[in-house]
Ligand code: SAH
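One chain comes next, on its own, written as structure tokens: the form predicted on its own.
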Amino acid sequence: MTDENSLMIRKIALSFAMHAEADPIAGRLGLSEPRILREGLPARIRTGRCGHIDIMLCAQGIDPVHGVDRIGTESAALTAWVLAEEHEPDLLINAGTCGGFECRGGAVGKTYLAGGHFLYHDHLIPIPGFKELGEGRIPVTPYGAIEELLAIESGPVSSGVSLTTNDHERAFFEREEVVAKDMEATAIASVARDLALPFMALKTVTDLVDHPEPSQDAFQRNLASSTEQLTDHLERLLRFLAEGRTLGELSR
């Protein structure tokens, strides 16, 4: 039986919530123009090659009714499933922006690699068994080589469907020592787990959850600059992988 950790990474799928997060790295890599991922979905895919690997970059697309990026866990899970099933990548990467926590060293522009567990902070089901299902708590595969390559920290990522935060969620973040709050990663991690697909998440801070400034104001002001930092890390990561790597090399 072949050990999957010894197999070379040949195909990488990149999953983004927003076109503003996805377009800069697509431009740097010279990927194709966007095309429909599947008829009936707003998601768009761009493809190309980087060294020894095929790249499939997908954004969740523009909602046809509201005219904005279709962010959130529902669209993230659906898009990731279609992307994985149709293109069969060796590795799925979710990249995007997030809220950070000043109390745990977070700062605007700081990038994290998901570590520990992927969590949901707003799936509240106070029934035994369902409570645990609601929290997600999906184990993260440690990628020490990537953390070292990019000189970044890792920690728990928690996903939910709101940009703003309530008192219950703040207590949850403290208890779980969450370093990144986003709206997609755990939903995509759930799909990757079900499909036994290697997965990692890279998140760059746009706003601080524990800062008095409204998250929406900081997010809009910092999106472009934080995405530039994210793009720098992504390009370095992809060019490293393009040299020819196995999954086992990433986990050392």
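This one's a predicted model, so the numbers in the text were calculated from it and none came from an experiment. All residue numbers are counted from 1 along the displayed sequence.
There is another form of this protein, the form predicted together with S-adenosyl-L-homocysteine, and it is not shown here; the text below is about that form.
A heavy atom within 4.5 Å of S-adenosyl-L-homocysteine in the predicted complex is found for exactly one of C103, A77, L163, I152: L163. Comment: S-adenosyl-L-homocysteine is not present in this chain, but in the predicted complex one of V178, L113, L92, C98 has a heavy atom within 4.5 Å of it, namely C98. By the criterion of a heavy atom within 4.5 Å, I71 is counted among the residues contacting S-adenosyl-L-homocysteine in the predicted complex. S-adenosyl-L-homocysteine in the predicted complex comes within 4.5 Å of no heavy atom belonging to L234. For I25, no non-hydrogen atom is located within 4.5 Å of S-adenosyl-L-homocysteine in the predicted complex, even though that partner is not displayed. Mapping the unseen interface onto this chain, L241 falls outside it, with no heavy atom inside 4.5 Å of S-adenosyl-L-homocysteine in the predicted complex.
From the list 193-201, 180-188, 39-47, 26-34, the contact stretch for S-adenosyl-L-homocysteine in the predicted complex under a 4.5 Å heavy atom rule is 180-188.
Of the residues in 198-229, those that come within 4.5 Å of S-adenosyl-L-homocysteine in the predicted complex through at least one heavy atom are, in sequence order, T206, D207, V209, S215, F219, Q220.
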